[in-house]
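As structure tokens, one chain now follows by itself in the form predicted on its own.
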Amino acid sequence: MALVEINFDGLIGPTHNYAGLSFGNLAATAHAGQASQPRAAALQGLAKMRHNMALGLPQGFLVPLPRPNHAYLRALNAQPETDDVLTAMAWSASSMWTANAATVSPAPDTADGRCHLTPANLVSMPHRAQEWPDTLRQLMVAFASKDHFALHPPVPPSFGDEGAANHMRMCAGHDRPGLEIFVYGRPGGKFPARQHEQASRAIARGHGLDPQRSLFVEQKPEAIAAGAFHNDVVAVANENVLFCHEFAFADPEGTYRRIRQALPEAEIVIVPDSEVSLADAVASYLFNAQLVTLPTGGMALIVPSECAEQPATRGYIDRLVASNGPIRQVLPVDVRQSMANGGGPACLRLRVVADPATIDPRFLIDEAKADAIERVISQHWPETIEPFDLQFVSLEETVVKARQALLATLGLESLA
């Protein structure tokens, strides 16, 4: 069985809007109330997938969840005409950020030799806590082979779990046993600590991980207070490389020591705060990047285009590439619509190490399928959504038909 890393990006849904629902996510709250561009957002996300495919990287996707969620509004006894915030929650396209869809432990790490997936409960944010049932339903289709995959129910509340955005894996190779690193926050700070330590430990136990190769690390409170609401805003890992901000972890030296003990070949690239401040890291999403191993050899960091526009990060990137370290290329991509709602390239993808032949092929993308998806988006996705548009029946009819057209194109009508 040939195990490779596959990035599953969330197709950005037709209800993409800026409601500012995510407290602690500075970009999302800064753009609250502005007009969004769902069609441009979805095409930008698709272009990122094409960019990575052109690099020779396997690529998958997950489809948008059904929105608006009327069952959610009924459960809250909400009235769309008057309950603006609750209506915005029911319309949220936040499932586009598949880094929060689940935590994934590949087969080489687990006791039963299967890839284990646990959907995130996302209980810290009300607009996201509604996602997991539909996410689990989709994962059950994509990863249906019980010989190769084990799907778990989410961790029960009130232990908050936000998925792979707070989970990293380091290894000598994707098909080799790895060190799984779970990063959690302590409550009581300026912003909510969304990942609870006990949620991470429950997932590690459920996935059958070796305790000697499972690391639980506290995120630095100052990072959360600066707007790093997930660990992937200040750190990213790939194979034997960890790329992180100086202030990513509460106990950095202890964290690095334990990583090196478990993985002697680990290379840790630490970005000093004096070169890229926490504020600049959060504004540019330098670390909310895809760190990938290229088929031609070497690693590339796929960053949002904002990194090339900000002086501090642009200067650091130039020095990073010139240093002849493990990261040999830095490649910018345009995901501005997602960035304005608080999600960069890493937010948009869930990493799964598996044999592609064991995955439902409807969730794997090639150029022909990308062309078909692009046609649906260009024809059916709204061009613009203003906040007050969410009350209009005509917009609801448009977005429902848009998702139905996508599912029909992909042969995934069962997810309607």
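A quick note: this is a predicted structure, and the numbers were derived from the prediction, not measured. We number the residues from 1 along the sequence you see.
One more form of this protein, predicted together with a small molecule, exists but is not displayed; see below.
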Exercise: H116 in contact with the small molecule in the predicted complex, heavy atom 4.5 Å:
no
L65: heavy atom within 4.5 Å of the small molecule in the predicted complex?
no
Report whether the minimum heavy atom distance between A19 and the small molecule in the predicted complex is within 4.5 Å.
yes
The small molecule contact at A248 in the predicted complex, heavy atom, 4.5 Å
no
Is every one of N25, S94 and D232 within 4.5 Å of the small molecule in the predicted complex, counting heavy atoms?
yes
Sort through 206 to 214, 178 to 186, 305 to 313, 224 to 232 and report the only stretch with a non-hydrogen atom within 4.5 Å of the small molecule in the predicted complex.
224 to 232
Between Q219, N100, Q195, S105, only one gets a heavy atom within 4.5 angstroms of the small molecule in the predicted complex; which residue is that?
N100
